[in-house]
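Okay, so here's just one chain, in structure tokens, the form predicted alone.
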């Protein structure tokens, strides 16, 4: 068995049986084109290639590294030749439409698998209402928020609900819509394009912010939007920002995006992140104790997609090294990626974040103010500066207006003492640690 097939077998243990049979099983390792630092897999078509690329590339790269001890770039491409080509025949168009409808909805993206909290409860309720009455309520539904917060999950949960009722679903990204439009326009076959997108019961379209300044594509999308909505068909869109903040978007499209319901998804609070990790552990069949779960929740970015990569990495390392996933083991495995966060942080970012989170002014933290809340904030800021930057204790003392480095040393001992006696305090500091790291990196 070649290395590519070995890695695919390893991945089999990391995904659900449904996902493996529907997607991963269709991959073929291209040994002829692959090199020592590049692993190329062929997918049967571009749709499957895109789906696997966005979801599994990171996992595959991790597994290659575990197996070979070298970093390998994984590339997923559509198989060349007749299988991957796009013809203008009605048969091929129907097949392409079926692939979009059936093959690109992630079967694990369901409402049951979506963890709700204060940050996403309203968006979840809106999406579920749309899935129960598509075309009748909140049309269009416009979900916006940062990367990895669950927009695509909710969108596809709608699709997975509606598809069970025998409806024709199209899930696509703006990039795919643009490519499809360009190809049909080049082939002088726009009737086929219009038929494909305007006869579906539910159009799910990701990343509409990329319509920005695409005048010709906006024109076509406008008419598609009008046709679907006037026919009582449901439209669901996602973006990283609300319609009004998408620059280069025609006014008529902006207004129509706001016709139904526009709702955001905020970064998850700590409790929600813990619940998400527990759910992901259940789905991925990984067992972690509460100490490990709490640690992961505090060090991950707001991008919850990072969770699956971490779980996959921990599970793979534990299997290969024949070790249990303890807290120390987890810290050791994740040390490298956490170090990358450390190296990108500066002291001003720490000061601003601590001041904002604890409701004091940055100038107060650096002053001689001895009020209880300011002293507390100063200690937290000093501790995080020592942990997250390469500054020496004398440099930190100078920044915070302290007499010398012994004051910094005393503060570190005080914080570490609190860690030992107050678990809630430790979790709060860990959360601040991650928030500062991720905000600087992003």
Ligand code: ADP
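Residue numbers count along the first chain shown, from 1. From a predicted model like this one, the values you see are computed outputs, not experimental measurements.
This protein has a second form, the form predicted together with the named molecule, left out of what is shown; the following refers to that one.
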query	finding
Distance check, residue 135 to the named molecule in the predicted complex, heavy atom within 4.5 Å	no
Contact of residue 159 with the named molecule in the predicted complex (heavy atom, 4.5 Å)	no
Contact flag, residue 140 vs the named molecule in the predicted complex, heavy atom cut 4.5 Å	no
Residue 181 within 4.5 Å of the named molecule in the predicted complex, heavy atoms	no
Sole residue of 149, 237, 202, 365 within 4.5 Å of the named molecule in the predicted complex, by heavy atom	149
304, 131, 172, 349 - the one with a heavy atom within 4.5 Å of the named molecule in the predicted complex	304
Which of 367 to 375, 225 to 233, 275 to 283, 172 to 180 lines the interface with the named molecule in the predicted complex (heavy atom within 4.5 Å)	275 to 283
Residues of stretch 115 to 133 in contact with the named molecule in the predicted complex (4.5 Å, non-hydrogen atom)	115, 120
Direction of Cα pair change residue 208-residue 54 in the predicted complex, magnitude 3 angstroms or more	farther
In the predicted complex, shift in Cα separation for residue 168 relative to residue 54, 3 Å or more	farther
